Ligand code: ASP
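What follows is a single chain, given as structure tokens, in the form predicted alone.
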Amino acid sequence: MIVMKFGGTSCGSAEALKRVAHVVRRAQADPAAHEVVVVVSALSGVTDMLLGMAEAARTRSRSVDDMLAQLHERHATVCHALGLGAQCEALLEPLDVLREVLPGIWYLRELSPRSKDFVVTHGEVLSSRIVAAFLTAEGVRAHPVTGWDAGIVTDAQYGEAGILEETWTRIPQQLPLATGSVPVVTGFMGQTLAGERTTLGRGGSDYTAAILGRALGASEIQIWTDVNGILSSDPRLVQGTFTLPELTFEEAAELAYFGAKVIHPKTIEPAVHAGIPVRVLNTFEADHPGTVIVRGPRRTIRQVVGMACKKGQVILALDSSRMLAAEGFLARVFAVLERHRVSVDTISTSEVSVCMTVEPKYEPALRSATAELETIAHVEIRPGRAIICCVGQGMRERPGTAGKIFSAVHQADVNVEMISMGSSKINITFVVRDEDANTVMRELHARLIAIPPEPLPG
């Protein structure tokens, strides 16, 4: 059995949905697949539209009726282009619920996290109904299933809900496969034990696919998107990038966390737990083999297999002689950051200093924490920095990787402000100025990645 997830770009238009139907039909006809489960995101742009509608209702900045009419038109246009005009109003019936909810937000001028989740989940509900109807019209019998009806149970952390253990037993019970009909499951959402809708946060539809794959014992989880797998680097920054045919789970998670946006790191977790390969494929080039992410070692080794870059980051640098042989110094620092709700990405320490990076959204909180931090250290905040992460299983087997990386940085005539090596021993991360990042990425890619891989020893 395979789980196939189709993202917003794959569901972005009638033409894109026709490609989805072709891919699903081909998979269902493959005897090796046996059963197919489809997971869909909202139509491209609809999630942002729904969030905007909810906020506009709260602020009374737009007419609720006008917003609902626009949302109806967006989906009705796709329905008619797919030949589903006769079913259109029935398929878009969930909009009737929004017609009741949005005026409530308007009158109360209040938008709670729970209400926001309730509104935003309608994108996936609508797309699952349209996709299931079109698959059926194309000869692949299918039916829509919401994430909660599929058995996904979460806590009440609206906007970023966590999966409860009950999920793993409920899904096999609530999502029977031997019916001859393909379930088209809404990505991105679940339900609390009290019956309230929740969303799973960024990458939620990928996460849904991985959850279903683990619970149902899938042979493969497929993430269908608009690129040919995971690339060796960002093609907007580096020329000559190429699709990585195979990555380990560790490598994929590191690249995703540090900026490779094809998948979200959380997507990997259920698949890692169950040892299920994840394949990243292109809906618009369905014959391309894409990238397969596996638990075990790859069949070839590169010292550095790929790179990712996160620009616009902020360095927090603390210097104090009181760190020397002092107990609890870092605990005091992180207690201050916790009080100000600042999350740290990377960290590097020495006897008398500590450097860490945070995302730009935390800069205001970081500046408000400065007064407290200055009671224990000299504080320097440096915005406009880029984190560059070099990842590769080969770092374990081949000495001298760090030397080659920083030799390339030297050739680019760029200064490194911070270095951090991950505990997994498969990544080396360092920080440069934003304006230097492109030059460094190009030099690294040419010297360490754009070379033939070596065979795995033994």
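Heads up: residue numbers just count along the shown sequence, starting at 1. Bear in mind that the values here come from a model prediction, so they are computed numbers and not experimental data.
One more form of this protein, predicted in complex with this ligand, exists but is not displayed; see below.
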{"query": "Interface segment, criterion being heavy atoms within 4.5 Å of this ligand in the predicted bound form, picked from 99-107, 195-203, 157-165, 172-180", "finding": "195-203"}
{"query": "In the predicted bound form, the one of V37, A42, V431, I405 near this ligand [non-hydrogen atom within 4.5 angstroms]", "finding": "A42"}
{"query": "The single option of S420, Q28, T47, T401 touching this ligand in the predicted bound form, heavy atom within 4.5 Å", "finding": "T47"}
{"query": "Interface membership of F134, this ligand in the predicted bound form, 4.5 Å heavy atom rule", "finding": "no"}
{"query": "Interface residues of 115-148 toward this ligand, as seen in the predicted bound form [heavy atoms, 4.5 Å]", "finding": "E124"}
